[in-house]
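Okay, so here's just one chain, in structure tokens, the form predicted on its own.
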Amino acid sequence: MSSNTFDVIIVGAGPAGTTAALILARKGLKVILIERGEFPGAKNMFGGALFGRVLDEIIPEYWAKAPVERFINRKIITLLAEDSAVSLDFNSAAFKQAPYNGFVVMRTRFDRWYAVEAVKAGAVLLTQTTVDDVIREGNQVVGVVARRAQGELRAKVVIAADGALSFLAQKAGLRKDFTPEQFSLGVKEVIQLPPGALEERFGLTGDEGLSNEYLGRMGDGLHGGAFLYTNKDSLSIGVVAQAHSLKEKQVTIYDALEKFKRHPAVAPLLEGGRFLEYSAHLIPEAGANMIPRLYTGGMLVTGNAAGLVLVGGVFLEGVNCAIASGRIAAETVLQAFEKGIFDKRAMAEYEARLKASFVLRDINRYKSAIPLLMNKRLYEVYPSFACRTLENWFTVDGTGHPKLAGMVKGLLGEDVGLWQLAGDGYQMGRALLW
């Protein structure tokens, strides 16, 4: 086998690609993991939550080895009006116990550590390298063209884990062009807080942590949300807005982030903070509607490149889906090597395994949440309505407390009628409850 020939080429050293590389290298296959960034994680961004039960099956008790920040035992969902907020705060003792439900992580640290684990297992890591195309022989993908000297690399199987836009999937003819409606744009800042501020402001003890998701007015009527995660001694805070909404409103995502940071419910949490870093990322959010064809002869598509992100209204999960899909891709490749067959029929096993896993089951289960997330009243009306309703109900001014039903009808006013409210409630029920 020449220096430019491998058993498996994996493009993209995010969680999906690295998982596949780690599993395949452990089995003795010659694997190369190609990353365009200076190091794995250098170009990767997400809010901050890793739900890691899947990773625990690959690296038992990974939290004792990986650069995790805090375990997440509190999940808060907050609705924002212009100057008020209402929150649901869930705090679980069960989430404080191993194997834990999830952790806050920083991709720059976590992805780098994870790729080193793959290298320890025997994978070759090639960084600062862009892959421009696939190599075909007939109906079979047999390698890639990398932007480097002697750039043709050959393999029995290529795994595309090259992110949300996946140019490799496009080059292989597995996906069509995307539309703005299928993506959101996320931006994040990491803000250093003074010593002890995290524990004091969020009521945390030891390694406890929280995630807080926000829904409401993200600046000038943008459709989207925001997030806040507690790191060891800093906060990850950001805004996610639908790409078509940014275009329609002629608003920048940076302005939306600044407005969110100035909200009365948010600003006190950031007081005394020092800016550390900034990042931005496209998020595939059209669910099952944007998943490309997942395989062809000699090639699989996994992780964000395959659109395998769970968008369910109260869920936005990508890394755990990426790790699971990377593992399934590796298992499919191992089966192909056992049989010595790498054609389209052999690669089809990948999709069958995904359908049997939680990844595609959950994406399909919550596919009706996608139209809900396109409902402008979810962002422009209901968060403010909830805040105004509770503000009026809890106000003590000597006039008494009206019954809730009459007050709701009055507050809805011209924004939305009762029939529209009932219709949206039904849509929400279909998306999340049944």
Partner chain sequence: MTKLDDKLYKTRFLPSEKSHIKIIDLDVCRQKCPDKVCTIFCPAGVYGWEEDQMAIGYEGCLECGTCRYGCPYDNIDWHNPQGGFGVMYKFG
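Residue numbers count along the first chain shown, from 1. Predicted, not measured: the structure shown is a model, and the values here were computed from it.
The same protein also has a form predicted together with its partner chain, omitted here; what follows describes it.
So its partner chain isn't shown here. In the predicted bound form, which residue out of 187, 336, 86, 215 has a non-hydrogen atom within 4.5 Å of it?
So the residue touching its partner chain in the predicted bound form, by this definition, is 187.
To verify the annotation, which of these, 58, 381, 387, 45, has a non-hydrogen atom within 4.5 Å of its partner chain in the predicted bound form?
Residue within 4.5 Å of the partner: 45.
Answer yes or no: in the predicted bound form, does its partner chain come within 4.5 Å of a heavy atom in every one of 178, 278 and 281?
Yes, because 178, 278 and 281 each have a heavy atom that approaches its partner chain to within 4.5 Å in the predicted bound form.
Would residue 258 count as a contact of its partner chain in the predicted bound form, using a 4.5 angstroms cut-off between non-hydrogen atoms?
Yes.
Check residue 95 for me: does it contact its partner chain in the predicted bound form (non-hydrogen atoms, 4.5 angstroms)?
Looking in the predicted bound form, residue contacts with its partner chain do not include residue 95, since no heavy atom lies within 4.5 Å.
Whether residue 141 contacts its partner chain in the predicted bound form should be assessed with a 4.5 Å heavy atom distance threshold; does it?
Heavy-atom contact with its partner chain at 4.5 Å: absent for residue 141.
Indicate whether residue 109 is a 4.5 Å heavy atom neighbour of its partner chain in the predicted bound form.
Answer yes; at least one heavy atom of residue 109 falls within 4.5 Å of its partner chain in the predicted bound form.
Please identify, from 322-330, 75-83, 242-250, 350-358, the stretch that has a heavy atom within 4.5 Å of its partner chain in the predicted bound form.
It is 242-250 that comes within 4.5 Å of the partner.
Taking its partner chain in the predicted bound form, which residues of 120-142 have any heavy atom within 4.5 Å of it?
Residues within 4.5 Å: 128, 129, 130.
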